[in-house]
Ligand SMILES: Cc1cc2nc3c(=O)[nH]c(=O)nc-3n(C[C@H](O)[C@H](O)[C@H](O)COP(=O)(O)OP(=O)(O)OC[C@H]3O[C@@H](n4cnc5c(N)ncnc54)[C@H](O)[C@@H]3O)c2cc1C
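Take a look at this single chain, the form predicted on its own, given in structure tokens.
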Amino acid sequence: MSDALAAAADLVPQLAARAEEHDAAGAFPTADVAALSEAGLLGLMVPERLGGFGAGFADYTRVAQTLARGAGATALVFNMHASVTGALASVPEDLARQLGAGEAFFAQRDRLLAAAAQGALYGVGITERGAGSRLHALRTTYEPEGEGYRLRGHKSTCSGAGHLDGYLVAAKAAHAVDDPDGPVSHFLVPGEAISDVEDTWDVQGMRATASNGFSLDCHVGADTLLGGIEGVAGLLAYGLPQWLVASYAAVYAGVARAAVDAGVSHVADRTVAGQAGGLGQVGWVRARLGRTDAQAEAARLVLEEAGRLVDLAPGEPTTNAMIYRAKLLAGDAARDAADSVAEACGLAALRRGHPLERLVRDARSGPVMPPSSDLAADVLATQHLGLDPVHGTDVRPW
């Protein structure tokens, strides 16, 4: 997997060079995605037999962290794509068959993955107003229609909306939309079926993800139902949460490290009147850099362990606990590191165009990106207390 990681590292300078322009315009990073495709990284999670790198989850976390050191928003778009391809490629075949997947699913899966290796870009449409990413509260519905399904609803945010070849849409069975325990399913909807994209993404950070909302009222074929099985979305969210949780952690662990790097660069170059040796000679400034370095490295190490466990023992309670620890620590580390380093570097670091100014804004998304830091912490405590994660508390994580 060293080839994929080296390819990601080679892209960092050009991603960083374009990041300011993409951020200022709130523009989808088309050139960055093209570079990812050319480097073969859209096929990172695709098996080698289908033209990809055949990466595992730990490999993904290293690549995503690296990309985030160049441009956090581009890494987040990449994360959404990898969440789709990674989930398709990594669900064990015997588990899929036990759940009822037939040969048609495996053929469709291989077509989708092969297309990714050739440059197809996928994204995730889960989040809705009033529900967030909590699957049990979704209002987007599906129901049988002809030889397929009718999907109706609205998604408030979807990274890359309007630029994707396929959308992984979570929807609830229409007959049970008001039932918190009603079945929720995933559909991989072709890009051309999503025509009503709204220009609504005007936010503080991660602006270049172009995470606009969209409405849908379309008929899709039976083969778009992932696995050919209804109602497994919640099961996967609770049982195999890596692509809904720790995949984001990889992006924000990279943003945390980028903030430390930007701070070191600023301090090394900054002179202060009357202070021999410049800003780096100020003890409390150095202490800020040292503390944030430790935070960023701690987040990386926990994420590394989560990635190792996902590849070794997916779905185990110890694995899932580490997944939530990784998300909690990475989100908080990104926010705290960017804030602390920018404060130490002074007003110049908060001027538009300075890398730290953008990183401060991008990093603020880390603790609120689902699951939020508070929710991740609650999941960990729920597990330690031996409570039922679905019905045993006042909050459902999904």
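Fair warning: this is a prediction, and the values are worked out from it, not measured in the lab. Counting begins at 1, following the sequence as shown.
What comes next is about the form predicted together with the named molecule, which is not displayed.
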Give me the residue from 206, 184, 71, 303 that has a heavy atom within 4.5 Å of the named molecule in the predicted bound form.
206
Looking at 159, 320, 247, 85, which has any heavy atom no more than 4.5 Å from the named molecule in the predicted bound form?
159
Among 24-32, 341-349, 40-48, 363-371, which stretch sits within 4.5 Å of the named molecule in the predicted bound form, heavy atoms only?
363-371
Does any heavy atom of residue 134 come within 4.5 Å of a heavy atom of the named molecule in the predicted bound form?
yes
If we define contact as a non-hydrogen atom of the residue within 4.5 angstroms of the partner, is residue 116 a contact of the named molecule in the predicted bound form?
no
Does the 4.5 Å heavy atom contact test between residue 127 and the named molecule in the predicted bound form come out positive?
yes
According to a 4.5 angstroms non-hydrogen atom cut-off, is residue 76 in contact with the named molecule in the predicted bound form?
yes
Using the arrangement in the predicted bound form, list in sequence order the residues of 370-398 with any heavy atom within 4.5 angstroms of the named molecule.
370, 372, 374, 375, 395, 396, 397
